[in-house]
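Below sits a lone chain in structure tokens, taken as the form predicted on its own.
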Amino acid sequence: MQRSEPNIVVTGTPGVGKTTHCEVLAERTGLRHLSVNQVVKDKGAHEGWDDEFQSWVVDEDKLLDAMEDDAQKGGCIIDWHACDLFPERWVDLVVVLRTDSTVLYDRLKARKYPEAKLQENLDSEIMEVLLQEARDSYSEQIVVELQSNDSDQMESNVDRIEAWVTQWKKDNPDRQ
């Protein structure tokens, strides 16, 4: 089944602005914002709650099963802090959002993250873990790294991704 609209994964360390980017992109492009955190909760795609990190322990098989129909239809903006579990056949663009560690620290502190979770996420961002994960999992032609330190960068990022969606549609007219 060929998709009539592209699927985009927006990934990055918690606090880089994934959800904000996805919500604005969905509004401007008509694509559907698919929050993996929401899917995990709504579809029970987890193995329980982790008290230390204050988050669900995701069951990746259940998650992929829950998302498969939407991904095959296309038109999804998939919002999650990881990307390597999504099959490459589902994905047309991977956007890795990055944030300076001082900005990220302030954002995560404002969310009242437990110290262990805050430190793990800062370390992940500093070590470029999610960027490398994306580069290791997908063709380099579909992975883009964008800075997300302030609202001007977010607006520029959304403009750039919106232009990419428009171009994808022009390049794939037989799918419309």
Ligand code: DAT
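In case it trips you up, residue 1 is the first one in the sequence shown, and so on. Quick caveat, the model's predicted, so the values are computed rather than measured.
In what follows, reference is made to the form predicted in complex with the named molecule, a form of this protein that is not presented.
Undergrad: The chain here is shown without the named molecule. Which stretch in 39 to 47, 106 to 114, 123 to 131, 59 to 67 comes within 4.5 angstroms of it in the model of the complex, by heavy atom distance?
TA: Going by heavy atoms within 4.5 Å, the stretch is 106 to 114.
Undergrad: Answer with yes or no whether T29 is in contact with the named molecule in the model of the complex, where contact means some heavy atom within 4.5 Å.
TA: T29 lies outside the contact set for the named molecule.
Undergrad: In the model of the complex, does S151 come within 4.5 Å of the named molecule, counting heavy atoms only?
TA: S151: yes, in contact with the named molecule in the model of the complex.
Undergrad: With heavy atoms only and a cut-off of 4.5 Å, decide whether V16 touches the named molecule in the model of the complex.
TA: Heavy-atom contact with the named molecule at 4.5 Å: present for V16.
Undergrad: Does S156 reach the named molecule in the model of the complex, with heavy atoms at most 4.5 Å apart?
TA: S156: no contact with the named molecule in the model of the complex.
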